[in-house]
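Quick setup: the structure tokens below cover two forms of a single protein chain, split into structure 1 and structure 2.
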Structure 1
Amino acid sequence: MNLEAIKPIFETNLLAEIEKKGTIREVKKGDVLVDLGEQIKFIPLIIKGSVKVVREDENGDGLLLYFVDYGNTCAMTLNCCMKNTKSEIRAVCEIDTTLIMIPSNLMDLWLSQYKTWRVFILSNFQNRLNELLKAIDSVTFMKLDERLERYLNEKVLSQKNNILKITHLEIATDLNSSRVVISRLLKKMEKNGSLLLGRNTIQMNS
């Protein structure tokens, strides 16, 4: 098990524990890691890749909440582990991703034993709360064109590639908008010179 990526985060004893109790899982782009209403029995710790976390309402409308990168876990998932409630969100792989699955019953034990685990869990909660605040800011205070711009920039960061393989419909779904509206705005941005449109691709100029 290659734990290089998380070595700086945890104390040595805990790393050994993780190696012993955790299991590696590899998931492909597009795979659904966690789905709505699912019971979660493992804490997913991302070693490599990127996962997007999405909220959905009863009509099937959706909204992208945030991306989770390596060295992190999804606090929304931690919830479920603690209380054995069902997942309120869906997690989908953005790119091929590797994670360690840690049995959720170790959560509390490790909290009492390992300082670095406490820091890890609590700062993950902090990060997720902040991400949710950013999502709220977007939806509440920004107009759609600004949200779209932010979305594209985050996508570039999360994929480490400024040529995005994505359709207008997918964007519309992530932003809870409609395809026509997104096409309209993208066209305006292209005329603006901030990007270049192609079939299934958007090349960002920044």
Structure 2
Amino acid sequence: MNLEAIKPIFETNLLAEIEKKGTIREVKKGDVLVDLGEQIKFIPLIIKGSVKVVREDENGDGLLLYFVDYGNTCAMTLNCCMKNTKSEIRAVCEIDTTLIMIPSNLMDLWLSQYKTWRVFILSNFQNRLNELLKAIDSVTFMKLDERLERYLNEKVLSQKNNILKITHLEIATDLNSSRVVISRLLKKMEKNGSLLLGRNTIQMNS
């Protein structure tokens, strides 16, 4: 098991525990990692790739909450592990992603045993809370063109790549908008020099 991505995060004894009790999982782009109503039995620790976390209402309309990249985990998943409740979110892989699946029953035990695990868990809760507040602010206070620009920039940061392989429909779904409106805004951004549109690709200009 290659633990290079998380070596700076955890102490030696904990790394040994992760290597012993964790399981490597390879997940393809577009695959659902965690689904709505699913009983969480593992803590997904991302060592390569990116995952988007989406919340859906009773009508099936989705809202992007945040992205999770390498060296991090999903706070909503952690919350389900702590409360032993079913998932209220859907986590979808943005690109091909590699994870270490840690049994959820180890979460509390490691919290009491390893300082670096406590710091990791609390930091992820804080970071994801900040992301949730940003998502609320975006919907409440920002215009759609501003939300679109933030969304694209966050995807670039999450994927570590300024060329995004994504359709206009995917973006519209994440932003709870229509494909026609998103296409119009993207063309406006291209005209302004912010990006370059290709076939199912968007190249962001720095």
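In this text, the rigid core denotes the largest set of C-alpha atoms whose superposition between the two forms falls within 1.5 Å. Every residue number counts along structure 1's sequence, beginning with 1. Since we're looking at a predicted model, the values are computed, not measured.
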message = Looking for the form predicted in complex with the DNA among these two structures; is it 1 or 2?
response = 1
Hinge rotation, rigid parts compared between the two structures (°, from C-alpha fits) = 9
ask   = Once you lay the two forms on top of each other by their rigid core, how far has the C-alpha of residue 189 moved between the two structures, in Å?
value = 2.7
